[in-house]
Ligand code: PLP
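First, one chain by itself in structure tokens, the form predicted alone.
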């Protein structure tokens, strides 16, 4: 099997499996909120995981909150910030190339009477600076929402430039950053990054599904999305799970090691596939400077779903649009927003790699693409 769909989800690592088994043993299986010694032990374990996770991300422990997924993190950050900070402004700035978790939150806010201003995206998938400045200059901007690495194209946000522009034109504007596809693939130090809130997902870094992290910079006020027993400093109610938090930490430890070496291997795979596929008439849609873990390519003569199922015959797994939108069978809104014509976008397939993919898999992939072209393409 060749699995090139790691932006959708990754396979669970052995280290994560082992950590979860360890954390389901009786001494740490009690409710962390219980007053007895088993509860205290569970809480001690949980807070230790929180401290270690914060350290790896360059944050303070009190700035880290465990959630069920990045979608929950995004909802909490975006809705919660606007709800809590009504005097900060009535407008939110973003782009139409964001993940659905962000875009749906913005649509929700629009229905609540907030003004949503969209910055134009260029062919490279990045916000157009002149458009950003134009929207900021209209004033009343409470929040800016962006994605560090686009999940469909791998386009990397020039966040340092974006942040500098926002802080210069509208200093009071808070910044939410989707860091899901960046985690473990590029260095992230939240103490230096400059974002006020960030979301992360466990199952994108070889943890299990059902765990994520929300970073809220100290001093930033956010209304909680989930109410109840007031766990996690009141920000995220619900019984804490040392098992899920530990699974996230185990995965984070693994992907935090050898980031540059893993990136070099991904670069080698990406460069090889760009060259070989281009020579076969495919059109590369990912920007030249995209993160090498994602390669969006349009196959001439094959609609995206057709190519997906042709590859599946050979036990090769890729995706069309984001997994969150795939079953709707729509053309990628991200590619259309970047200016890609609809026919080309309709033939687009996303290949996404992890540190565990190999050049042998890439070469085998090309061999089977040739076979598919020979068998199914009418020349």
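Residue numbers count along the first chain shown, from 1. Just so it is clear, the model here is predicted, and its values are computed rather than measured.
Below: the form predicted together with the ligand, not depicted.
*Going by heavy atoms within 4.5 Å, which of 188-196, 297-305, 203-211, 221-229 lines up against the ligand in the predicted bound form?*
Correct option: 203-211.
*Of 76, 286, 95, 181, which residue is found within 4.5 angstroms of the ligand in the predicted bound form when only non-hydrogen atoms are counted?*
Comparing distances to the ligand in the predicted bound form, the residue within 4.5 Å is 181.
_Contact residue in the predicted bound form, chosen from 126, 117, 99, 217 - any heavy atom within 4.5 Å of the ligand_ = None of the others qualify; the residue that does is 99.
*Does any heavy atom of residue 351 come within 4.5 Å of a heavy atom of the ligand in the predicted bound form?*
It does not: once the ligand is placed as it appears in the predicted bound form, residue 351 has no heavy atom within 4.5 Å of it.
*Would you please decide whether residue 270 lies within 4.5 angstroms of the ligand in the predicted bound form, comparing each non-hydrogen atom pair?*
Result no; residue 270 lies far from the ligand in the predicted bound form.
*Report whether the minimum heavy atom distance between residue 241 and the ligand in the predicted bound form is within 4.5 Å.*
Residue 241 lies outside the contact set for the ligand.
*Indicate whether residue 153 is a 4.5 Å heavy atom neighbour of the ligand in the predicted bound form.*
Contact check for residue 153: no, nothing within 4.5 Å of the ligand in the predicted bound form.
*Out of 66-92, which residues reach within 4.5 Å of the ligand in the predicted bound form, heavy atoms considered?*
Heavy-atom contacts to the ligand in the predicted bound form: 69, 70, 71.
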